[in-house]
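Below you will find one chain, with nothing else, as structure tokens; this is the form predicted alone, and questions on how it binds or moves follow later.
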């Protein structure tokens, strides 16, 4: 860690761990309900648990992106954060808005629009919060000594995410119009501008972990930007069922959606193969594993599984079923959760000077979470395919189908238990690192991590 204000990122990552834990708890509430054990229904109905689960996902990932930006931008701009106290206020306000929204959902304080349930009054607070965050990032870049492609792609990805939140705040009396524009937020976030954020974070990590020249990695960022705007925007069409849009959008959306993760997979494979040929090995192997895993799992979850059910001839039957949950869980995990966990795994040793990435706990956290998530994906796939055939092909009653799927939900919950064990190990390792230290206390880079990074830098020069 080169700059004192980079420590602010730690608190955003700590918020990630807390919100991620809460998200998993609500996931188990839904999992047990799917098994037929919905004992909390009177207190937390299924629709409330689902709204909390998905909204916590968005908040903890946004917190992770913000923390990553507060670490990456000073490093890339070669200066301290502009007005770091404003960044701290922004974190506190983000958590207050998130907590208020989650509590409100339990009392039916929401808009009732899927994925955009947050009440309108809190919408305005979210906009103010994000604008504050963007101001700090922009001024840091503006006053910095250099302006890199990685920093600019990260900033414009975050800016576009803020702008694309606005269509979701437009009020439509017509539910068809509302559904049409709702996808501008939901789809163009997760399959559009969030990919720019992911690409910038991936670029930063690959530069740091592989030793490949910045120029080579950042050329791939241009490819990512091109793929994102081509496939992400056109891919929105695979959601346009029952919205009155022309039918050709379904085919266009289905085909272009499958192209999105190819650039990420290509960038990671290229950088890692070049690093292997050059014999350059960064000591933080776990961060490299999370980084490579992100590229592979996002390709499988967002690309392969997305393509498998977004073609119109398939999606007309699978749209809105548990097949969508199969694709969504692995896509979010691979593309966004893993890149945030990769960033945390890289940043913590740099902040604290402790090389806990060498422990068994870090390795087991990686493997158990990923194996558990693959198991969950498989369970969702089995449940979804059965649901499609029974409910939409055979015409069975919805509740009768849900009851017949309860046996498969057992496998889902067991896989979720394995995944949760890995998350617990990751959080324990996070806590074991302790609080970040001042770079001035250790002469620039922190302790063991600084020594390892120095040795890696020396090997690069030689």
Partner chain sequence: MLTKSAAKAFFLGGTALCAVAFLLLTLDTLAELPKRSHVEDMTDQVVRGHVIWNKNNCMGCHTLMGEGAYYAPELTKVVERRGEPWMDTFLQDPEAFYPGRRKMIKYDIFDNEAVGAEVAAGNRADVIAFFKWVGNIDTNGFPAKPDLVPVGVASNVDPRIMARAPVYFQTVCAGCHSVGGKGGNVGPSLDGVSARFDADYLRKWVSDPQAVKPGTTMPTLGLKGENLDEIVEYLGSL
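It should be emphasised that the depicted structure is a prediction, and the values quoted were computed from it without experimental measurement. Residue numbers count along the first chain shown, from 1. By rigid core we mean the largest C-alpha set that fits within 1.5 Å across both forms.
The same protein has a further form, the form predicted together with the partner chain, not shown here; the description that follows concerns it.
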Spell out, yes or no, whether the shortest heavy atom distance between residue 227 and the partner chain in the predicted bound form is within 4.5 Å.
-> yes
Could you tell me if residue 316 has a non-hydrogen atom within 4.5 Å of the partner chain in the predicted bound form?
-> yes
How about residue 117: is it within 4.5 Å of the partner chain in the predicted bound form, going by heavy atoms?
-> yes
Just to confirm, residue 408 within 4.5 Å of the partner chain in the predicted bound form by heavy atoms?
-> no
Contact stretch among 126-134, 245-253, 86-94, 288-296 - heavy atom within 4.5 Å of the partner chain in the predicted bound form | 245-253
Is every one of 78, 270 and 369 within 4.5 Å of the partner chain in the predicted bound form, counting heavy atoms?
-> no
Heavy atom within 4.5 Å of the partner chain in the predicted bound form: which of 170, 163, 176, 99 fits that? Just give me the one.
-> 176
With the partner omitted here, the residue among 138, 364, 241, 304 that in the predicted bound form has a heavy atom within 4.5 Å of the partner chain is 241
Who in 305-342 is close to the partner chain in the predicted bound form, meaning a heavy atom within 4.5 Å?
-> 316, 317, 319, 320, 321, 322, 324, 325
Indicate whether residue 250 shows a C-alpha shift of 2 Å or more between the shown form and the other one, with the rigid core used for the fit.
-> yes
Over in the other structure, so in the predicted bound form, do residue 263 and residue 314 pull closer or drift farther apart at the C-alpha level? The difference is 3 angstroms or more.
-> closer
Work out the direction of the Cα-Cα change for residue 254 and residue 294 in the predicted bound form: closer or farther than in this form? It's 3 angstroms or more.
-> farther
